[in-house]
Structures are given as C-alpha cells and as structure tokens.
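Single chain ahead, written as structure tokens, the form predicted alone.
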C-alpha cells in the first residue's frame, strides 16, 4: 500500500529530505539526521484561525463559521471516549503538544525512544474525533478563561491591537482562540463539519525529522492511516483595502515601560496568496539592513536610550496578509516611529550600500543554514512551506540567490508611511 519515496537533495547544505504521497492522499516528508538521538514528528492540517469562510466540495457560496473553531478542534482532539492522548503519550515517554496558528493546526511530539508507538498514537487520535454536547460545553469554559487571560496580557494586547489597527476585513484581526461571543456559538455539529472538511488527509501533511527511518515511518502510516474523501476545500479570499484602519492605537495597562508594535501593511491583492521564498528573502535582508543589530538605526536608537535589547524587526506573513513589524519597549514609541521613517527615507535617497547588503545577506543565509540543525525548526518549517506552496529548502536557496537590485526594488514599493500603524500599551499611571 505504501507510496514511493522521492529524494530531495539540497546542494547548498548537503541535506536530503524524502517525500512520499501515501495512497490515502497524505503527503509525508522525512528528514533523517545522522548522529541525532531525538526524533520530532508533526502532523498538520491546512486549517487555521483565519479559515472562518471557505469553499468546500467546489461550491460557489462560501461556508461561514464562528471564529475560534480551529483552535477549539485542536483542544478537543486530545480527548476521546476512553482516554486522552496525553495519557497514552505518558506510557511512551514522548513529549507531546499542539498549536493553532493563523493558517494551520499542528499536532506534534518529540522522543528519544518508543518512536513507533508514539507515531501510532499521533496518527490515531488526530483521526478519531469525539465531540458531545457535554464535553463541548466544558471546553467553552476552559477556552473562555484562555481568552480572558489574553485580554489581560499586555504583550498579546499590543500585538492584536496592531492587527486591528491595520486590517479592515481580514480575519487575522481576530484572535486565534476567537472571542467569548464566537465560541459560545460552537456546537458538536459545527466541530464535526469543520473536522471532516479540513482534516481529510489530502489537506494535511506528516513530517518526521531527526533519528528517523523513512520506511519505518511509511510502515506506521500503512497501519494507521484511514482513507478520507478529498473535499477540495479552498480558502475564501478577502477584499482587504491597502490602507490601514487607524494610524495609532493606545491602551493603558499595568506595565513598567511602554510596549510598542509598529507595522507597515503589505498589500496582498487577491487577499489569499502567500509570499514566495524569494520575496521573503528580500524582506528579511531589507529588515537586516534597516534595523539589524549592525544597522545605523539600531545603534542610534540604542545610543539615545529609545530602545533596549528587546527591540526586534520581522516580516509577518501568511495567506492574504503581510506586514513589516518593529517591536520592543520604549519610553517614547512615537519618537522610535519617527526615527524608523527617517531611516527608510534615507535608504531610499542614498541607496543600500553593497557592503551592508552583503553583510545582511550572509547573516540571513547563516540563520537559514543554522536552523537546519534543529529538528523542531525543520519539521515546523516543512509544514509551513508545504501549506504555503513553497518547496523544501526554498528559504536557504532564496537567501543564497537574493540580489541587491531585488531588495532595493522592494524598498521602493514597500514600507510606506500611509500604510503604517502603531500600537502602544502604556503604563496606567
């Protein structure tokens, strides 16, 4: 019954990944790492918090569901009628967990022994939903507490307030767990409907990295995978305007020093596409030049006491959304924003120096290669890239291929002041 392995070799790093499509429709990736004692496995579905509207079975009218269902499903799948998955993992010694992001849900474990038994547990419980009126109501209370804790967290508030300031319609502006109002609408019927739509094996992927044998993985898949109908689910695009909702949002909370998130919205025309590996490499090199630890901006902000070591810059992206984000602590976040805008204007006028570009490119390439030494990073990245339509190792190849011209072109078209918003959480007193 097993699929046929395709060998994917990367000449940049010397790494090899094996891919097979199981007859049930599930794509499987295995990345063996010689000398590693640990194994990491992740079983993911292309279903995240932004999937509140979708087309199933080729329908022309989108199905709409309450926010928070993907996260709710993640919680509930760990329970079944007899025992919970964590109780079963306790017998194998594996460390198990799960997460729901904006665009995917993943179930995972790491282990140094009993890999086969742990993989069987993973494939079994994710394919065995069990929802009742009683356990769904119980979970509403648990997730409701989680939502309330998020409302009381300054770090979550400063981030989500920025998303609400930037995005008019895209569901990324809603927290992953949903709201107290939205989860109150969740029923066993809705959970089963979303489960059988998104948790079909054609919409999922299994990745194993570390001390792993590809044929052993396939053997477990043969025993545990259940055939599922390919329902051809498709995300609904969002007609998201290019501009932001509001330029500035401030919330007072019990913090010692103001927190800030400064974002420049990146317009995704069709409201559904993901950035390519090449575009992400350009974005990350540009951020390194602009705000990396060796940049003029970073050193100037540090010398003037406007930021501390918590300052960071990142390109935050997913299906239909993207933004350049600068974050940290500052006694004067608005002054930080002014300095960032000034540095962007200076780079546009004067150009990016070749030496600065080369240093930033090497830094990015080094980080991408170093990440391949961590099996959890490998596993999570392979899942994310597969669902985004990017090839394995594409981040490494793109980092090696990025050009000064492409980065300068991105600078000309991005990081515009009219697409900027700032979120601040300031002390109550």
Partner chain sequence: MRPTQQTITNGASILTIDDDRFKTSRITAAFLLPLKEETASANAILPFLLRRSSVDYPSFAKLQHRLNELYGANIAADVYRIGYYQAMVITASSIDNRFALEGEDITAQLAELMRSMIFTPLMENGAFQKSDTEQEKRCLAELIQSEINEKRLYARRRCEQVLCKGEGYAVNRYGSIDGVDALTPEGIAAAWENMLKRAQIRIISQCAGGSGNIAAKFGEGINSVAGRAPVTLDSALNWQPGEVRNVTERMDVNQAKLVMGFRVSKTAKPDIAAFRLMNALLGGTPHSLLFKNVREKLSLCYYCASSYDRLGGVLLVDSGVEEKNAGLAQEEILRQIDAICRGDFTTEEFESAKRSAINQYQTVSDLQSTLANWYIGQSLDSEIATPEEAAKDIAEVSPERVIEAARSIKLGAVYMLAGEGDKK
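Positions refer to the first chain, counted from 1. Because the structure is predicted, anything quoted here is derived from the model rather than measured.
There is another form of the same protein, the form predicted together with its partner chain; it is not shown, and what comes next is about it.
Of the candidate stretches 340-348, 285-293, 230-238, 181-189, only 285-293 has residues whose heavy atoms lie within 4.5 Å of its partner chain in the model of the complex. Contact with its partner chain in the model of the complex, defined as a heavy atom within 4.5 Å, is made by all three of 138, 152 and 257. Checking 334, 216, 312, 113 against its partner chain in the model of the complex, a heavy atom within 4.5 Å turns up for just one residue: 113. Among 277, 162, 126, 307, the residue placing a heavy atom within 4.5 Å of its partner chain in the model of the complex is 307. Within 4.5 Å of any heavy atom of its partner chain in the model of the complex lies no heavy atom of residue 102. Taking the partner from elsewhere, residue 33 is found to have a heavy atom lying within 4.5 Å of its partner chain in the model of the complex. Contact annotation: residue 93 falls within 4.5 Å of its partner chain in the model of the complex, judged by heavy atom distances. Although the partner is absent here, residue 65 sits far enough away that none of its heavy atoms falls within 4.5 Å of its partner chain in the model of the complex. In the model of the complex, the residues of 334-358 lying within 4.5 Å of its partner chain by at least one heavy atom are, in order, 355, 356.
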